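Quick heads-up: it's one chain on its own, the form predicted on its own, in structure tokens.
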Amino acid sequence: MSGEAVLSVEDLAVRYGPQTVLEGVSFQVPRGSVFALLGRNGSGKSSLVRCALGLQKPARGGVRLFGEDAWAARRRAMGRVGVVPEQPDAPPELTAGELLAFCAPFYPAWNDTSARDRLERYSVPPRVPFGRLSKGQKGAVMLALALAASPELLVLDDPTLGLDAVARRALYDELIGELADRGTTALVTTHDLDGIEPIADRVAVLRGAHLVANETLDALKARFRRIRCGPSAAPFSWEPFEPITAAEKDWGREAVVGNFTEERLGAFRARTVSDNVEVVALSLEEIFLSLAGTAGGLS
């Protein structure tokens, strides 16, 4: 993974009338990385993707795609980008084979053979119109079209939405193999945190129009812990930790902290009266819930 940024988001703001969807968002997607963009429904993920693809002009700031302004240079850049949209979208009367033939002239590095092999592995019927395919089959067609372009950047906007467990696993297996073979850069928005955790290099979390985390997955998981300790009659403080969430329990206290280090743990053990301190590592889903689970509604 090189330090070169395939995608740079710079002080991005998106507004719809009086509603601010994104405000002051900045991050970079390094070449060769899998960048997971996470957030609750309505957090601005899809708006950010549209700006990244040059489909939407932001209210402020901008996006640079392959070093060029995404809005101004969209026509040149899109030949180097593969996209799997949140809702599979293609002319319903065309078959998968006809869709491949239609898209091929637009991409200089088109690989028709690999696309047809992929559709065969997914058991997509070659003569059935797109509109009559299942949700999983439509997703397979979208992925085949995106990867047939031999993209430098693959953008997946919640690609497993509505898929069953088998189809989700198949998609990630296919994606893992493809990324490993080509070193393709990927920007993925998803609610499937269990699926993305094994392959993500970097993670960004949106909450309330702002970016509240942006770091490598290893760094994020290293600084988050759940800490439990037994009851104490003496005055209690979580210092030197800074709890993101904290609760009193029948058996004692529990907190999720985002500034964990072994040094802080040693200091906490030394000052707390309780001799029963338990430290538990968190999954990506648990970290996400701590960062974004209390913000906004479910819209």
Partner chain sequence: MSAVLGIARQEVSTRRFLLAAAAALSLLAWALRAVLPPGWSRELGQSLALVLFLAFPIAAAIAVGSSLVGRDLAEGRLSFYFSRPLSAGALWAGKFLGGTILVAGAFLCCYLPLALSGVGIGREAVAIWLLALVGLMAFAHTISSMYRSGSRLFALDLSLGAVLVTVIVVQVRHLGIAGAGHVLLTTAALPFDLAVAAAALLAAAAAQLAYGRADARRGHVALSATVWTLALVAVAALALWSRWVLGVTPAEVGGVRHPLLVAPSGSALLFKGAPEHGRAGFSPVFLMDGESGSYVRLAPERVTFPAFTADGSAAVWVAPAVSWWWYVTPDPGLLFRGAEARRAALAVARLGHGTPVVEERALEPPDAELALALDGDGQRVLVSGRSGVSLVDIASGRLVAEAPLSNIWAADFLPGGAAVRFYQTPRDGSEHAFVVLDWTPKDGKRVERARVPVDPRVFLLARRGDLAVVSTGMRGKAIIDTTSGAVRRLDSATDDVPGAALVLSTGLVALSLGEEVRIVTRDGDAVARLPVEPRTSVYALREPAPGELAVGLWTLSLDRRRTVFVDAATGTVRRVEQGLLPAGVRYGAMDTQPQPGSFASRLFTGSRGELVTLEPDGRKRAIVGVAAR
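Since this is a predicted model, take the numbers as computed values, not measurements. Numbering follows the first chain given and starts at 1.
Only in words, not in the display: the form predicted in complex with its partner chain, which the text now covers.
In plain terms, the part of the chain that comes close to its partner chain in the predicted bound form, with a heavy atom within 4.5 Å, is 98 to 106 out of 120 to 128, 151 to 159, 98 to 106, 171 to 179. Taking the partner from elsewhere, P88 is found to have a heavy atom lying within 4.5 Å of its partner chain in the predicted bound form.
Using a 4.5 angstroms threshold between heavy atoms, V83 counts as touching its partner chain in the predicted bound form.
When its partner chain is considered in the predicted bound form, P243 lies well away from it, no heavy atom lying within 4.5 Å. Taking the partner from elsewhere, Q56 is found to have a heavy atom lying within 4.5 Å of its partner chain in the predicted bound form. The single contact residue among L133, L193, A213, L94, judged by any heavy atom lying within 4.5 Å of its partner chain in the predicted bound form, is L94. This chain appears without its partner; in the predicted bound form, the one residue of M78, L217, I227, A167 with a heavy atom within 4.5 Å of its partner chain is M78. Contact check at 4.5 Å (heavy atoms) against its partner chain in the predicted bound form: all three of W71, R74 and L145 pass. Residues of 187 to 202 are not found to place any heavy atom within 4.5 Å of its partner chain in the predicted bound form.
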